[in-house]
Every structure is written in structure tokens, then in C-alpha cells.
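The chain below stands alone and is given in C-alpha cells; this is the form predicted alone.
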């Protein structure tokens, strides 16, 4: 019994941290920037493809492939923000949905043309291919990648948004764009940088979670509702909320797969419905800071 609980916690936390890494950028765009970005999963897919290509085609080590994944996703997101996204910040939400869902299907088509329709594995270094003996079970060593990267992401994103000048300017831009502009803050640049950072984190999540969420052309559509669930349950715009929600949803779905595989997904969405019925604004509400 204890070994079962421990297995559920280990796998569930690893899965939840993958969800957090991918979804935290969506928390920024949807909760802080108030932009409905349904194409967010596309950047995780881009990161996965970029890392796989860097390793297999260019022969780069895993660490450099992670950097390539973040840079590729962030650079593409930065260009899209300048060319398309910023034009819809003050448009109705339906317009934002239509644009971003169109980007999803474009991403599906382009990735299918470039990489084929089958799963694309991200090759791991030798030291991550084995298993680690925890006494009660053998755990794939690669399972510790999302654990380490997820916690590092939480700390890094908190420091960035709470302890840097960029974070102060972003909150000022979000809370009162006109006043921020009058104070000399380049609000367009802040929005573009925040959008790119969120996409870069999604790219890292796409690589770290490639074992649990395999990279394929339909990735952004297949996991879209899952990423939105993390943001909705945690509370849009709240980083800690997304972290707690991702862990909670990850553990619940993993427990379902262990105990009743046919009902695992149902359990996850049932939890989401219960939380949102109890707290429609999510578990944690973002508080404005001045």
C-alpha cells in the first residue's frame, strides 16, 4: 500500500511539474496580459521538435538542446506577437480565439509536413536512460528531469516577476497601461518579452515532458484543455496557483491511471468542475500590486 502511494506521488508530481512548466506561460498571457492564447501548446511542440532536431541532426548535447528549444519557441513567439498578437489585445475574446486556434491548425499542418505524423522522441543522454532504485521500485532516471526543471522554473519565474525591474514594469503595464506608458515604460516591448518568455518556458516543458506528453503534430490540440485546466483551477495570473493546480491535477490523473485507468481522465475533469464550482476564480486569485 505504501509503495503504491509513493509511486502515485512520484509519477504524479513529475507529471504535474511538466504541466506547470508548459502552463505557466499561459498563466502569464491569459491571466496577466488578458489574452486568450489557445496556441500556447504549439510553443511546447516547437520546443520538442527543436530539441529533437538539435540532438539527432546537429549532434548537440541534451543541455544545449534545451537551450535551443527555449530559444526557438521564444523567438517564434516574439515574432508572432509583433506581427499578429499585439493587434488583438484590445479586440473581443472571440477574435483572439479565432486567431490562436488558426495558429494551432497551422502548426499542426506545418509540423506534419516537416516531421511526419508519428511521435518524435527526444534522445536522452546516457546517464538519463537507466533507472534509479528507490528501494520499493525502479524509477526511470529521466523522470527526475521534470522534477528538477519544474522546481527551477517555479523559483526562476517567481524571482523574475517579483524581484526584478522587468516584473515591476510588467505588473504596472498590466494594471494601468496608460500610466505605465506615461512613466516611460515601453509597454509594447514588455508585452512582447512576457509573451516570448512564456513561450520559451513552454518549449522547455515540451522537452522535459516528452516522455509523458509525447511530441507529435497534434500536441497543441490534444493537450489544450489540460493546459487550460491548470490555469483555470489555479487562478489566472497566479504563478503559485498554477503550480498547486498542476500538482493536484497531475496526482489525481496519475492516481486514476493506477487505480481505475478507464476513469483517470474523468477524475481529472471532475476535479476541475468541483473546484471551479466552489471557486469560479480558481484556487488563488491574483492581487494587483502598485
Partner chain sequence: MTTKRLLAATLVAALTILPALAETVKVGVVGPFSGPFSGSFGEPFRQGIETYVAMNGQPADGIEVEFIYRDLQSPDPGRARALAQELVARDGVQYLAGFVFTPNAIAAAGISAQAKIPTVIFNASASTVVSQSPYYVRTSNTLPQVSVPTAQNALDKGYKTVVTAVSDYGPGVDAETSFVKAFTEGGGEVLESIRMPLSTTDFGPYLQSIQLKKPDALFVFLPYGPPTFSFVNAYRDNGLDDAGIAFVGTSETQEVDLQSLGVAAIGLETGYFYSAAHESAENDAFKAKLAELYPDAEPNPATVSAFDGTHALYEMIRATGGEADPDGAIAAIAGASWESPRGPISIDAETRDIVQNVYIRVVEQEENGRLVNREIKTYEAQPDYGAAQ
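In this text, rigid core is short for the largest set of C-alphas that superpose within 1.5 Å between two forms. Residue numbers count along the first chain shown, from 1. Owing to the predicted nature of the structure, the values given are computational and were not obtained by experimental measurement.
One more form of this protein exists, namely the form predicted together with its partner chain; it is left out here, but the text below deals with it.
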Interface segment, criterion being heavy atoms within 4.5 Å of its partner chain in the predicted bound form, picked from 138-146, 151-159, 175-183, 83-91: 138-146
4.5 Å heavy atom contact, residue 106 to its partner chain in the predicted bound form: no
4.5 Å heavy atom contact, residue 164 and its partner chain in the predicted bound form: no
Contact of residue 223 with its partner chain in the predicted bound form (heavy atom, 4.5 Å): yes
Contact label in the predicted bound form: residue 114 to its partner chain, heavy atom within 4.5 Å: no
Within 4.5 Å of its partner chain in the predicted bound form, all of 35, 97 and 277 (non-hydrogen atom): no
Residue among 193, 75, 101, 212 with a heavy atom within 4.5 Å of its partner chain in the predicted bound form: 212
Contacting member of 119, 71, 110, 168, with respect to its partner chain in the predicted bound form [4.5 Å, heavy atom]: 119
Residues in 1-37 with any heavy atom within 4.5 Å of its partner chain in the predicted bound form: 11, 15
Core superposition between the shown form and the other one, C-alpha change of residue 58 at least 2 Å: no
